[in-house]
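In the structure tokens that follow, a single protein chain appears in two forms: structure 1, then structure 2.
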Structure 1
């Protein structure tokens, strides 16, 4: 568990969901992600609250896509997850009294803010459909038998 992999996992799931008609249960999704149904529900909750997916209980229930992949950017998913911390590094003190430390924090914060802005801009410029298309291209390029994913 070195990284926060929620964004990666949700993108993975959403594209798979688009390729299936029926609702996917948390258990099916969990198997696909090599994880636990509770983790799935926990992570998908944000997407549901933002209206990207719908969840239904009972027989035949599970998770379904609400929006087409073409109307969801990677940034949308990131935001729906609650905008997790991007960086693992940061200042020792957010409100330091020491002017030296303030200057250091300013310099670091400037650079990090730019990098974060670039990252989010990039995420906002890519739709899930584009990633799905890249996958389709690979799929046809290779033999279909080479494709394996527990879904």
Structure 2
């Protein structure tokens, strides 16, 4: 099963947007993420609807941040993306009357519910500003000329 990388990708985009003065077009973001601009617009729409970014049409338009990174948590972005599934694993339903399957599913459901709650709490405690600060520290330790996300 493929990983859902939308959260990671949008965090990447938002931090880049914070570092640049100009609006980022869907085409620019798509090129950075190696995807289609339509996918970018669809994904960014959730962030726009939650008030984290705005879009301007026309010449000089594009996506800009509405809030500072210090006011956005990983959980905020996760929620704006529609709360994608956290785990790829889940219960079986091949034999719903089987008592073993029921016991296994109950144990898995309890463990996954607890793990998801822990993960979501952690996401709520990390701001995008903290991630950007880690990037800045790494960039300072490395030559700026060597920095690039482009291939």
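Residue numbers count along the first chain shown, from 1. As the structure is a prediction and not an experimental result, all values here were calculated from the model. If you superpose the two forms and keep the largest set of C-alpha atoms that fall within 1.5 Å, you have the rigid core.
Engineer: Out of structure 1 and structure 2, where do we see the form predicted together with another copy of the chain?
Structural biologist: Note: form predicted together with another copy of the chain is structure 1; the other is not.
Engineer: Does residue 83 show a Cα shift reaching 2 Å between structure 1 and structure 2 after rigid-core superposition?
Structural biologist: It does not reach a 2 Å shift.
Engineer: Note yes or no: does the Cα of residue 115 move by 2 Å or more between structure 1 and structure 2 after the core is superposed?
Structural biologist: For residue 115, whose C-alpha is compared between structure 1 and structure 2 after core superposition, the shift is less than 2 Å.
Engineer: Rigid core fitted, then: does residue 93 show a CA shift of 2 angstroms or greater between structure 1 and structure 2?
Structural biologist: For residue 93, whose C-alpha is compared between structure 1 and structure 2 after core superposition, the shift is 2 Å or more.
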